[in-house]
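Take a look at this single chain, the form predicted on its own, given in structure tokens.
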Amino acid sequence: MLATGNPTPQNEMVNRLDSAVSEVFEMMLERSCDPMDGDVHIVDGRIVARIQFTGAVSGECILYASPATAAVTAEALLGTASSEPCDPMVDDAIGELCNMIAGGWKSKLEHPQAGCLISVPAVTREGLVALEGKFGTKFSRTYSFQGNIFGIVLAF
């Protein structure tokens, strides 16, 4: 949970996340990225990146996408012509994207929460099953850029 007497309202948390995602995509990928209504339903596997928050904020930021969306994201982030979904650079790019979004979200927090630490990204292709149920409060958001859909979960 956020270590504060007054919990931050859900809409403020989501607005910070939307702002961080938009800034990262515009600055680093030179693409617009918009929030969507509803959840991501990915049936062909998932690449999942996780950043953990410790200290004044205890929680995590989880980014998940299909291998195809992850490959397109890696191409945009790395400036490569094409990436195969199984390329290790795809995992690295998704981890870095999660890191930049989590850092952008953290930078929008006020003192003392802004003093929390973030971990290095951990990436898996095992899906979200092992990650569910760890925290009580979760905020899920789905995003789309150029028809490519991915999801982010903030959990505290």
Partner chain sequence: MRKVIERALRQAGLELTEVLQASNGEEALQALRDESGKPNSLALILSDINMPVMDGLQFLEQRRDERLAPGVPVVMITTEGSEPLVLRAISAGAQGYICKPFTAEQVKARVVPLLPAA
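Residue numbers count along the first chain shown, from 1. Source: prediction; values computed, not measured.
Another form, the form predicted together with the partner chain, is not on view; read the next lines as being about it.
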| item | value |
| --- | --- |
| Joint contact, G45, V48 and V123 to the partner chain in the predicted bound form, by non-hydrogen atom at 4.5 Å | no |
| Heavy atom of L77 within 4.5 Å of the partner chain in the predicted bound form | yes |
| Contact label in the predicted bound form: P112 to the partner chain, heavy atom within 4.5 Å | no |
| E12, heavy atom within 4.5 angstroms of the partner chain in the predicted bound form | no |
| S119, heavy atom within 4.5 angstroms of the partner chain in the predicted bound form | yes |
| Stretch 14 to 37: residues contacting the partner chain in the predicted bound form, 4.5 Å heavy atom cut-off | E23, V24, M27, M28 |
